[in-house]
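As a starting point, one isolated chain is supplied in structure tokens, in the form predicted on its own.
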């Protein structure tokens, strides 16, 4: 399919170009080929996007919640009908295997729009009786929200941010990652087709300077970022200057704990999903796999055996299970961490290099498994964001909880055990915003998603997201006379 969009930006219901902006080459990660060239937003483009969003938001907020919800549900239906072509574009944009994008990207975005479209009419306040008097609250939109996306799930992230924002009556200006600029443009088209006012959801391209300009503009009421902790610090600080609302969904170094009574086959499946799905490029990945010493060798043997069966290949082929990383820089970063792991004394059990068949082109790294990893090693402390799994051995529940919590991150955690009491006791003690028992990385829209500590603030999805895209106005109503001292 032709990946080149009609123009770089989608503003006020139409494609807009400004060739004066810095070029952005969109590279297909499986070959290194430039498949599209776009341009970063100039100050004029940024101003046009914010101005049209400001105007559209006023119009959108006057609609009934049912009418707003109807537009979101229509958009969900369009995405579902076009899932094949949207998934193909996502694969070109990110390099993720088509077998993944068909079920985990546009489909997840559609579910978010359907969910928030459905609950839009229930976003309301409450009545508070106060004797003869009473008070009531109104839940009102914030205004123009800025969404800043990451490159690993560009369609999903755009929809996860847009759905609650629009359901609450806001408008959004969305900036995709410069590495994956294509998919959000299609979402902007779909919103207009579904009946949203022109300007309600604008997409502009750019590097960090564009994100900074959006985050500090007086017309911006809220910033929602998905990205790394260093980026989050910068955006959070910039938003704070204007006392803006923020949601920060940042990185992780999440623990996956396998107790001695765990179903080993299920635990191995979870470890594979938590480290090698999307070539390991998922913020919530369970990259520190703590395995009880009694089942450590059995777990590692089975994990190695199953990982060896992974099909590495062209992500456009539905048989491919492992595709490339998103960029040459990301591949090189992951390879450098593999060298660090070896230098630190971890045992390389499997993988650790570029697959022989893909050495000449593309940004591939083999699924990589380290054992003998200790808590002080960099591969156990720092987010790698690639297909690198570290196995750490433990002996007791108290020990593994303390070690799992010994991180500045707190996005996610998983526990495998047949002892349901221990499962609940363990997740209650883990310092993580999103936890799983006997599974990993399932993120249905009905469940809040987000982290604690350096992994972020706020929540995405579920009714919890409404709190982060709206504000409460309290109104006191007096039914009698007003008394005064004089």
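Positions refer to the first chain, counted from 1. No experiment lies behind these values; they were computed from the predicted model shown.
Beyond the structure shown, there is the form predicted in complex with ligand NAD, which is absent from this document and is the topic of what follows.
Asks: Quick one: borrow ligand NAD from its position in the predicted bound form, overlay the C-alphas round the pocket, and report open or blocked for the shown form (blocked = 3+ atoms within 2.4 Å of backbone or C-beta).
Replies: Transferred pose: open.
Asks: Only one of 200-208, 398-406, 360-368, 83-91 gets a heavy atom within 4.5 Å of ligand NAD in the predicted bound form; which is it?
Replies: Only one stretch qualifies here: 200-208.
Asks: Examine residue 96 and determine whether its closest non-hydrogen atom to ligand NAD in the predicted bound form is within 4.5 angstroms.
Replies: Looking in the predicted bound form, residue contacts with ligand NAD do not include residue 96, since no heavy atom lies within 4.5 Å.
Asks: Is residue 249 near ligand NAD? Define near as a heavy atom within 4.5 Å, in the predicted bound form.
Replies: Result yes; residue 249 sits at the interface with ligand NAD in the predicted bound form.
Asks: Might residue 148 be said to contact ligand NAD in the predicted bound form, defining contact as any heavy atom within 4.5 Å?
Replies: Yes.
Asks: Just to confirm, residue 231 within 4.5 Å of ligand NAD in the predicted bound form by heavy atoms?
Replies: Close contact exists here: in the predicted bound form, residue 231 approaches ligand NAD to within 4.5 Å, heavy atoms only.
Asks: Between 220, 278, 177, 170, only one gets a heavy atom within 4.5 angstroms of ligand NAD in the predicted bound form; which residue is that?
Replies: Residue within 4.5 Å of the partner: 177.
Asks: Just to be sure I understand the contacts: of 341, 227, 286, 351, which is the one whose heavy atoms reach within 4.5 angstroms of ligand NAD in the predicted bound form?
Replies: Partner contact (heavy atom, 4.5 Å) among the options: 227.
Asks: So which bits of 365-387 sit within 4.5 Å of ligand NAD in the predicted bound form, heavy atoms only?
Replies: Stretch hits, in order: 383, 385.
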